[in-house]
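Quick heads-up: the structure tokens below are two forms of one chain, split into structure 1 and structure 2.
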Structure 1
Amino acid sequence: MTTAVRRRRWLMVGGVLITAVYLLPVYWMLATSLKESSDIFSTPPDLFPSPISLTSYTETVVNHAGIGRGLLNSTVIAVGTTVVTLAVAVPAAYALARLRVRFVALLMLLFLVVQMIPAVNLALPMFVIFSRADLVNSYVGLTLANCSLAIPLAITILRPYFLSVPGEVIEAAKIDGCTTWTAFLRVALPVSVPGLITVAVISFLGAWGEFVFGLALASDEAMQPITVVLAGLTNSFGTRWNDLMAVSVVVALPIIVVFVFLQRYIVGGLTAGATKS
């Protein structure tokens, strides 16, 4: 056995161990959701649920009206955030990349600084502004709040893609009769599809898992996203961990599905965008 083969095997073993460590909380969440309440705190803990119980899913996920409403709210907010972010960030990133705009470096620095501001620091000013605009407890207000963090990140990711499009190609399209807008749609946009997918996924997942804005801007239970509803399952009288884990599994499913099917585009989009200038 050569040294190179031995090294690859050790790297594979290390990768499997690291993966197992990261997947252990996910497995324990799933296993807990399939246990009876009396089996959760058994000593020693049961590694495998026996017998398997779907009670938490039928009673809490299916029959609990707040869970379904929270999932619907999160879906509307996440989809709305994704659409608005793409509609604003794509042309803005193209303008900053291809047009002669003054203080581009300063603008990009501001976008980076905005991403470092915690959402909790933005929640109170947004609540005051949205209260005056009658946007509290509304999909519009929650969507705009999420866009305030998603759009700067989207512009930062997309601008390098548009910079990678050769200026000669854009000029040739204009000579052939394209306007700036049509050259953007027919030339620059198709080249940047991996970046668009990356931005869409990041925007959707960021809005799907957002908690602070949902807690601060949605006092009405009918408008609260699933993250706030999930937090409401814990109270001072105790926590039904199997019910909590069952809802957590359902909440995590969209994230898992997105990464399984779009992992190639997400990783490729981030790495490609990071290396283009």
Structure 2
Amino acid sequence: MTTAVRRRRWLMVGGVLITAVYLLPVYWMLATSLKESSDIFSTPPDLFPSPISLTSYTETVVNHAGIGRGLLNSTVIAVGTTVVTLAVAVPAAYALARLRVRFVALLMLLFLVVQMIPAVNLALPMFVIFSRADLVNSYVGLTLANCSLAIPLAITILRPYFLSVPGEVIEAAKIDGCTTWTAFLRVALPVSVPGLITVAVISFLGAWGEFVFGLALASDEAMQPITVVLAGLTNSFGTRWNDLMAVSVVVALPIIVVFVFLQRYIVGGLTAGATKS
């Protein structure tokens, strides 16, 4: 065995250890959620749940009406946000990359600056505006609030994808009889599918994990997203950590599933969205 090979092997072992230690909180959430109530207070704590108990899931998560309702609300809001964001941001990003539009630099700057604004800054006036428009405690209001930050982010992520579509291809499509609109639909969109998936995933994840708008704009428990429901449970559950961790796992589950299957879209998209304009 050469030294180079041995070195790489040790580096890999180190990498596994670093990753394991770093993700210890995620493991601890899962492990605690699988423990019985009596086992969470043993000292020193058991690193592995034994016996493995699904009680927190089968009793607490399933039977708590607020959790089901919160999951439903979050699903509606997150899907709504994703659909609206795609519908509004995709044509805009395309035009800003490939069409003859004025003020491109100014608009891109606007979409980037908007992302620097704290959510509280928008939640406060939105509450007043929505109160007067009867949009507090409504899916429409919560979706609009989520879109306010999702659309600018989506445009900054998507524009580089459309810039990488060669202009000659679009010009050729037009010569072949495509209008601006059909060239967009039939030529630009199909080759930008990875970008579209990235934006859809990031919009969905962002809205699913969103907290401030839910807290400020949904005082009615029946309309609260799951993140706000979970925050409320932290008070009422007290030290029922296994139950609380089980709910946390349920909230994190869609994110983890999406992450496992679509992580290459997320990693590329997030860094592109953060650093490119």
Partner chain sequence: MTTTLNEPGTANRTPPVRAPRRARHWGDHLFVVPAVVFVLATVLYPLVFNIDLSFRDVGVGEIVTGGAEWVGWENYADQLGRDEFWHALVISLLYTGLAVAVAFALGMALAVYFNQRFPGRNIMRSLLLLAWILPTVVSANVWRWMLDGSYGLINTLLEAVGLLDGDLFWLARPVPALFAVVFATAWSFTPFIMILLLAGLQGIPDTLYEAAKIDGAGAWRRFTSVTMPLLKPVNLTALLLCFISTFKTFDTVFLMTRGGPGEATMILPIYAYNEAFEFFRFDTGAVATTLMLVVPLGLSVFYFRSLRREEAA
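Since we're looking at a predicted model, the values are computed, not measured. If you superpose the two forms and keep the largest set of C-alpha atoms that fall within 1.5 Å, you have the rigid core. Counting starts at 1 and follows the sequence of structure 1.
Chemist: Of these two, which one is the form predicted in complex with the partner chain?
Modeler: Answer is structure 2, the other one does not fit.
Chemist: Does Asn63 show a Cα shift reaching 2 Å between structures 1 and 2 after rigid-core superposition?
Modeler: No: Asn63 shifts by under 2 Å between structures 1 and 2.
Chemist: With a threshold of 2 Å on the C-alpha, tell me if Ser248 counts as moved between structures 1 and 2 once the core is superposed.
Modeler: Stays below the 2 Å threshold, so no.
Chemist: At a 2 Å cut-off on C-alpha positions, does Ala222 qualify as shifted between structures 1 and 2 after fitting the rigid core?
Modeler: After core superposition, the C-alpha of Ala222 moves less than 2 Å between structures 1 and 2.
Chemist: Rigid core superposed: how many angstrom does the CA of Ser37 shift between structures 1 and 2?
Modeler: For Ser37, the C-alpha ends up 2.7 Å from its position in the other form.
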